[in-house]
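In the form predicted alone, a lone chain appears below as structure tokens.
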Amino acid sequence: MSQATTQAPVSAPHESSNRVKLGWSNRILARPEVGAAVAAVLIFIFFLVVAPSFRSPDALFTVLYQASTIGIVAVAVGLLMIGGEFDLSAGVIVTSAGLFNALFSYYLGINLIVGAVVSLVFCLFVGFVNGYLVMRTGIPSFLITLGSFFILQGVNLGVTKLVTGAVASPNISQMDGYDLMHTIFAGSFRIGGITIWNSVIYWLLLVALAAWVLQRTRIGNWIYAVGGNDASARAVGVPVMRVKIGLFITVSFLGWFVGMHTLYRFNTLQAGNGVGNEFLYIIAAVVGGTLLTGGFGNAIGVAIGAFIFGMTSLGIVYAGWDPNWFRAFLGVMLVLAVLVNLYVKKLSTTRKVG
């Protein structure tokens, strides 16, 4: 009896400590971005091994730039998916924004800054219409935005061909307002011989802002609520219609932003660009832990998903492989990333405490 009573005080604190540790580990594993982070580390190590040129600091910032061109719009798409909706027009509206700015300003002789503002109004209107139709008609956002996708794609090609006689916008590098717009949207600076594009800074700031909104604000709670169950959210006073329309408008706004970057980076745009990018945005969000059913995910995970795209697309080039294998290799990496994400999530929910 005396031996049993002396051992009890020793074992009890040990068991309590284990419960605390396991509780913290489960909380970490349950975070949406954990699976993507594990996949990103594995892919990063893989390319460090097979591609020596991938190891330089300049290569890392090139990867970050590539990721930012996907990640900026993917932030908004991720928020929209957490809110329970999709936007299949997110890829082509990037091209629509740039073409609108270029054609409107060039053929009417208007300053590019004014043209960019008018282009922004157009994109915001598209986002509003997408959201309004989804909420008013009850038609799934997949179908509404698929219609928007085809409309914008056709207008991009048809109007550009009608106005220019070709399928590309004119070169705008000599027009009024170009220098300022180029500096803002497509500028870069060098630190220690490394080129850092403004788009990378914008991307990181947007990720931080989105993460703060989701985790620290009432709007973030609303987004999770409408994605989980919009009927229940409406019952407790969440303005479901305003939240979802706002999310669609956010996608269009960041699509416009990347459209401005693309136009002022290359000075001209091909009218057929952007088709297919909507799937890259969605997959970046899914790889980052966002559920297709809505109500779960975060901005950091979406950013990691975009970073995986950047590593994969450029890692193949640095490794000296045939770029034609990019899609196949990308698909393998994405499947592995999703499997790791699902495995880690399953581990976090099945592991017993104590």
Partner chain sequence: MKLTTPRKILGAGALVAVFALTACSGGGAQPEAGGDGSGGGGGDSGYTFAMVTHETPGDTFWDKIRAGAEQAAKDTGAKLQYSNDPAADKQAQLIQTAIDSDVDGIATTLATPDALASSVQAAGEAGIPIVGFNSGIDQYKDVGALMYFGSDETLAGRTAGERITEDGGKHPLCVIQAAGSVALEARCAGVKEGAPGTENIQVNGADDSAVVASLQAKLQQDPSIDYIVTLGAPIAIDALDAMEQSGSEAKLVTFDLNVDAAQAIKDGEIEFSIDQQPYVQGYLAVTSLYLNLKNGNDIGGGQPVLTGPSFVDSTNIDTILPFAENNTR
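The term rigid core refers to the maximal set of C-alpha atoms that superpose within 1.5 Å between the two forms. The model shown is predicted, which means the values in this text are computed figures rather than measured ones. Positions refer to the first chain, counted from 1.
Just so you know, the form predicted in complex with the partner chain exists too; it's not on screen, but the next bit is about it.
- In the model of the complex, the partner chain lies within 4.5 Å of some heavy atom of Asn324.
- Of the heavy atoms in Phe279, none are within 4.5 Å of the partner chain in the model of the complex.
- Although the partner is absent from this view, Leu162 contacts the partner chain in the model of the complex, with a non-hydrogen atom inside 4.5 angstroms.
- Contact check for Trp203: every heavy atom lies farther than 4.5 Å from the partner chain in the model of the complex.
- Between the partner chain and the residues Gly177, Gly272, Pro140, Gly147, the one pair within 4.5 Å by heavy atoms in the model of the complex involves Gly272.
- Residue Val121 is the only one of Val121, Ile113, Ala208, Ile151 with a heavy atom lying within 4.5 Å of the partner chain in the model of the complex.
- Only one segment in the set 60-68, 35-43, 282-290, 295-303 has residues whose heavy atoms sit within 4.5 Å of the partner chain in the model of the complex; it is 60-68.
- Each of Phe128, Ile245 and Val317 comes within 4.5 Å of the partner chain in the model of the complex, counting any heavy atom.
- A movement of the C-alpha atom of Asn324 reaching 2 angstroms or beyond is seen between this form and the one not shown when the two forms are aligned on their rigid core.
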